[in-house]
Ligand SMILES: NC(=O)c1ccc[n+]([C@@H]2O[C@H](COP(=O)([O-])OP(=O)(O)OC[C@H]3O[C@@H](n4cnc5c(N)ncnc54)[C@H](OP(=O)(O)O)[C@@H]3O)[C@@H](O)[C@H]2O)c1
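There is one chain below, alone, in structure tokens, taken in the form predicted on its own.
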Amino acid sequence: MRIFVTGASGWIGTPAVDQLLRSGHDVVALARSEASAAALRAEGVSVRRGELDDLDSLRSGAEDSDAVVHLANKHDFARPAVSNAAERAAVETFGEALAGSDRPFVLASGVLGSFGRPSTEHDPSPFHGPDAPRGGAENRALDFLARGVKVVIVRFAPSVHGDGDYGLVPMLVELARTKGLSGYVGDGSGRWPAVHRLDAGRVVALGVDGAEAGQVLHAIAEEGVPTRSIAEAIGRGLGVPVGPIAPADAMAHFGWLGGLFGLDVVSSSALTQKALGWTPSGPTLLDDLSGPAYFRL
């Protein structure tokens, strides 16, 4: 298939594209910069220059392809409304372009909140409407099932880790470095799911080829790593003390990340593993935090 991919040069997009190419697909990538475009071309990827806000490029890329994999996101944590609006507009553009074609549309999403049990692929997202997290993109995409689009949702763990990670765990590392304390919220019993980036890329590629319309996949290798264990690993790596932060002080200490690091978002991928024949094989999060990669200046 000819597959149009956004976020192809990104943290998850790079291994996902590698897997798609190995599976024999032709990949066309949206590239914002010439540097990204050159790197993609060197891997045998065709390039369409444009940005996430360039809806005409998104539309034409989808119309010219047999499938769409949407992994890009602005991730503007200081202005979430900007990220949410861009994500919803992109999803609606792709949905309209693919309507009536039965072509796959694979969309990146995030694991859900605390349920008092591991969340599963059967749990519906509670986020609806443009003002919801990610602009309610998951549910908006699923609306297009009724219009002949083969929508597949891939929910990623909050930590997609590995050497070169620039996501949430490195933010925790830098906070600990700056403050001289590796903190955890409350008693640190909250848990974060995790997956190595190479395993995450495999879920995306397998989802293109093997998932059913409307299926939700969980790119999760570890159901929940205790946040205290994460903080302790960061403390060892930096050589700084480790200690609790009262929930009332979490936002002051961690900034916006405090609201997330204090959650218990344990999640299962048992249904995904069974459906796709996928077995995570990469290092664990604590394995990666035991080496030097996360602590280089």
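Computed from a predicted model, the values in this text were never measured in an experiment. A residue's number is simply how far along the shown sequence it sits, counting from 1.
The form predicted together with this ligand is left out here; the points below concern that form.
Taking non-hydrogen atoms only, His122 never approaches this ligand to within 4.5 angstroms in the predicted bound form. Proximity of Trp11 to this ligand in the predicted bound form falls within the 4.5 Å heavy atom cutoff. Using a 4.5 Å cutoff between non-hydrogen atoms, Leu30 counts as a contact of this ligand in the predicted bound form.
The shortest heavy atom separation between Glu51 and this ligand in the predicted bound form is within 4.5 Å. Contact check at 4.5 Å (heavy atoms) against this ligand in the predicted bound form: all three of Leu71, Arg134 and Ser159 pass. Screening His75, Arg117, Lys179, Arg147 for any heavy atom within 4.5 Å of this ligand in the predicted bound form leaves a single hit, His75.
Distance criterion of 4.5 Å from any heavy atom to this ligand in the predicted bound form singles out Ser109 from the list Asn84, Thr93, Ser109, Thr227. The chain is drawn here without this ligand; in the predicted bound form, the stretch among 179 to 187, 96 to 104, 124 to 132, 160 to 168 whose residues come within 4.5 Å of it by any heavy atom is 160 to 168.
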